[in-house]
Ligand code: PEP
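Shown here is one chain on its own, the form predicted alone, set out as structure tokens.
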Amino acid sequence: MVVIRSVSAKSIFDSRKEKTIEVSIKTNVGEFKASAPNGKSKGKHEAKSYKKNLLGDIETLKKFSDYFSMENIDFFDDLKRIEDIVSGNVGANTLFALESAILKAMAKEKKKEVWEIVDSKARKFPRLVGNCIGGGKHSGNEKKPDFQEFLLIPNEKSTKENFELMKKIKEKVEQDLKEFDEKFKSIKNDEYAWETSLNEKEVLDVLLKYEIPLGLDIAASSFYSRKKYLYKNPMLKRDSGEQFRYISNLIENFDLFYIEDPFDEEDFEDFSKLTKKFANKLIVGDDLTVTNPERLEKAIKMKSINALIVKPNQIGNLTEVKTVCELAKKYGIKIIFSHRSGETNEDILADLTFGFQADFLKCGIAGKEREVKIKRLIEIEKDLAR
């Protein structure tokens, strides 16, 4: 049983050099800390990162520190007691970091791994989804793909083999971009994906030769305005019908396996039409569902998706993350745990992904803040193989 004796927090820098929160707890089994990532491309229904601001949440945790000492935490569902104390008083980033630190304390007290606190019977390992070439809000170059991420989704025998294959292809892609993009400067974006001036079709042409399952994070809400999808590379406008036809053509012409947020975050109907048309592909909700049980229930009712992104700090509350995962599994919806564009060296995402038995882990290909998560998953795999 974990007894929390005190809680404190401070700001640290994420991989984009922006401030985020790190929470520390002192318990009867030692001191533990955890941090939260920052998102840049956010759905408008996503929970706020902080109640008012980061500093305000740090001060609130100080004030609440003594309240936690009354609570004894023994099982995952006991996190509900912590949520009852602070929910509404701090934001999603703060609550996620606090609960992550508590999970680490629980694991230490029980002499278990963090993932075992979630599900000790977990055995299925997720496939990796890696961002190879980037565009949209995550890239700073002026001319770039309108779509946010061009994804590699290998299906080798182990996490380590998948990781090595993604890295190998990404290195080769650098040479391809030097050949096909005269403006290419070997610069990486927020998620350590290559920045390019090519458009989405040209990027897919580059990746197609590697004969690996490919995916797109279109992040369509980021360029949707006044009922039009406003493309810049090249400049054109598409209404919802034209967007549907365009995405359908891309799926067919490039044999895409994974399509995330192809329409605006309120357009459950077009998501549903695409899911019906391409039932054997992954039609993925992120901005549409924002790790929110109510949004997911609507998506299920309208048959809008067959896969969803889970970002724990989108909702903050880990018991609701559990609810979302249980709901998805009940209706056969694939689960993809995901990093954020502003990451930290925190590796608990790997334990949560495995513990909740997600089907995929979307976590970039390079950068120490992302590699630490994949390496943690490889470590779990290695430990279970012994």
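Small disclaimer: the values here were computed from a predicted structure and weren't measured. Counting begins at 1, following the sequence as shown.
Keep in mind that the form predicted in complex with this ligand is not shown, yet the notes after this line are about it.
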In the predicted complex, is there a heavy atom of this ligand that lies within 4.5 Å of any heavy atom of Lys311, even though the partner is absent here?
yes
Within a 4.5 Å heavy atom cut-off, is Thr291 in contact with this ligand in the predicted complex?
no
Is His138 close enough to touch this ligand in the predicted complex, meaning at least one heavy atom pair within 4.5 Å?
yes
Does this ligand come within 4.5 Å of any heavy atom of Lys42 in the predicted complex?
yes
The single option of Thr344, Asn317, Ser341, Thr27 touching this ligand in the predicted complex, heavy atom within 4.5 Å:
Ser341
If contact means any heavy atom within 4.5 Å, which of 225-233, 96-104, 274-282, 147-155 contacts this ligand in the predicted complex?
147-155
What residues of 250-264, in sequence order, lie within 4.5 Å of this ligand in the predicted complex by heavy atom?
Glu260
